[in-house]
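The data below hold one chain only, encoded as structure tokens and taken in the form predicted alone.
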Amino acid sequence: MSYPTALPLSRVRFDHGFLADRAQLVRATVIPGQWEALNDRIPGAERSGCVHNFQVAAGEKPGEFHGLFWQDSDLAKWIEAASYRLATHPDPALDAELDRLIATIAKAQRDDGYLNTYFQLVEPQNRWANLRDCHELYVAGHFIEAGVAHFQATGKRPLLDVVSRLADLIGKTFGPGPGQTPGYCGHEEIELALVKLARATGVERYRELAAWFIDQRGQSPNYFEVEARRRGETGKLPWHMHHDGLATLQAAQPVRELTEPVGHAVRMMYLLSAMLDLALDRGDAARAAHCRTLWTAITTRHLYVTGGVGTEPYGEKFCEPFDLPPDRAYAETCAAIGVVMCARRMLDLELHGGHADVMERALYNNVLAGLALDGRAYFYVNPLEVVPPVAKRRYECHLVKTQRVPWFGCACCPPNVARLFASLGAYAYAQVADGLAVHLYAGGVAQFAAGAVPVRLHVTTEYPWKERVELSIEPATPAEFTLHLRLPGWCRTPHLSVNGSPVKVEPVHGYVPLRRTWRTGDKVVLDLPMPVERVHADVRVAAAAGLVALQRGPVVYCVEEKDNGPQLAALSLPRESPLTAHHVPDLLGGCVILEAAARRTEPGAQLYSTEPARQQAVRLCAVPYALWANRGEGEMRVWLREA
């Protein structure tokens, strides 16, 4: 069976429009700024220590380890992002900087292949002793992803050789064989990384180890319980596991028994990503069916309207189905990136527009909210409702912020945003057996092959602010193939034409297949009308009962104190109020805002009263959720009372 495959990054270039602007911001500001943070050069930012730790481990400077025991992973994700940047926009200075950094990493690696600066510098006697908590395999996984990305971008092997030696050590250490440890990591990541390494090197044992790690998870006797007893722990669990125990780590039962997402949201999404990779690579129908079950549960019972997942700050976890409170939403940026990763893999498994709808929802809303407009500050947590004084004291968690910050002590999200946007071309298009599938609409050029014929696809659009997408097809010679154009689920009345002639829209699973012999000069125009829509949650989402959210196209909106004054809970939107949209070029980098006649309930003279509260007519202004908190601190709400 032939599955869709992402186009190589070098064959996709975004050159104008919303996503192109964000990708350019990542290239020009985010990646260089994060390098400064990783080198501890940003005044006022929490210290990273990442580069310092490797220099110490390599013997290049004296010093002590700084940071958390998974600190190395921040640097690995940055290397991956920088490598993707080289794949799309070659940069000799960045290339040389990476070469120097990789040389330091290679010097830091131990002779047996081990690589983890915390355990090399702080607890060398405890290597692999606490897989439940200490993220050793998670860190290794991110370095493996970095090594694959750097090799594919540059053709250079030094980092790939480093991570291959590390993977070989892991393969010797873990598994079902004599003398091997039957353990797996408390934070999934190594699994999907090993699949990437197998694809890049052709070494099947890496893929086999990934499958073993997944299938061993949660088996009896439970490895984490055995390991804890070996360390002398009796009944002691870390704080984040107090409520759900080993389910926090997706390890309370065998993975194949899971029918609902459980535990830490990022871990769950990384686990599902690896499961999807294995289902694809092996043509494993049973695993694919299980993935569909979990994906359906996530997207129909656990997904915020902004595309985020993870309800509870303590444990950063999934809760019960339909438990989606806006003010308590953790919706970690990394978890939404995990949604995008899984959606892309689901599209590889089956070309269905519903998966692309979820990918787009998460990308345009939750993920982008994690990055400031200037590219220099980040959100880790993305609630759908904020009253700053309440939010600041509700949780004793330093990652719950009401303004983006330049760096975190636990900085997993910033380089994750960077690597996603630096590799966005891989999410926009897929080569399919009969042509090309277009998942995301962004201005630029994609190059693919129709049989033996090279084809260039030029896309011109101001999506998501404007409705029109123009596609110009340039095959080297006339070629017959199918262009599969996604029709977003939110679009009720799409219009399509080829060379000026209307074409009847007949979607197949959310994609319109246009098959013909294409010639240079052929032009497709897709109009996707974007009326402002009111979104109501399922009645089982108790926290959103009687409330309404606003969206236009893929963009979910929110109201901010900056535009509507304080006490946003006093606002209500009459059901009959018309909603208007207009573009404001000088607001928040240029965006479409929404306006409507609304009501504001006035404060009363006493705490409780039998008299109805007085109301006044006001004008409501809503801005894209992804752009909130770029104009100073204040209240914010996605869900509004509907009058």
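Source: prediction; values computed, not measured. Note that residue numbering begins at 1 and tracks the sequence as displayed.
Heads up, the form predicted in complex with a further copy of the same chain isn't pictured, but that's what we're talking about next.
When contacts are defined as a non-hydrogen atom within 4.5 Å, all of F322, P389 and S609 contact a further copy of the same chain in the predicted bound form.
The chain is drawn here without a further copy of the same chain; in the predicted bound form, the stretch among 93 to 101, 459 to 467, 313 to 321, 493 to 501 whose residues come within 4.5 Å of it by any heavy atom is 313 to 321. Though the partner is left out of this view, E257 does not reach within 4.5 Å of a further copy of the same chain in the predicted bound form, counting heavy atoms only.
Although the partner is absent here, E560 is not a contact residue: none of its heavy atoms lies within 4.5 angstroms of a further copy of the same chain in the predicted bound form. Although the partner is absent here, V400 lies well away from a further copy of the same chain in the predicted bound form, with no heavy atom inside 4.5 Å. Contact annotation for E64: none of its heavy atoms lies within 4.5 Å of a further copy of the same chain in the predicted bound form. Proximity to a further copy of the same chain in the predicted bound form, taken as a non-hydrogen atom within 4.5 angstroms, holds for one residue of R127, R301, R110, R165, which is R301. A heavy atom within 4.5 Å of a further copy of the same chain in the predicted bound form is found for exactly one of V508, A545, A289, A476: A545. Although a further copy of the same chain is not shown here, in the predicted bound form the stretch 516 to 548 places heavy atoms of E533, R534, V535, H536, A537, D538, V539, R540, V541, A542, A545, G546 within 4.5 Å of it, in sequence order.
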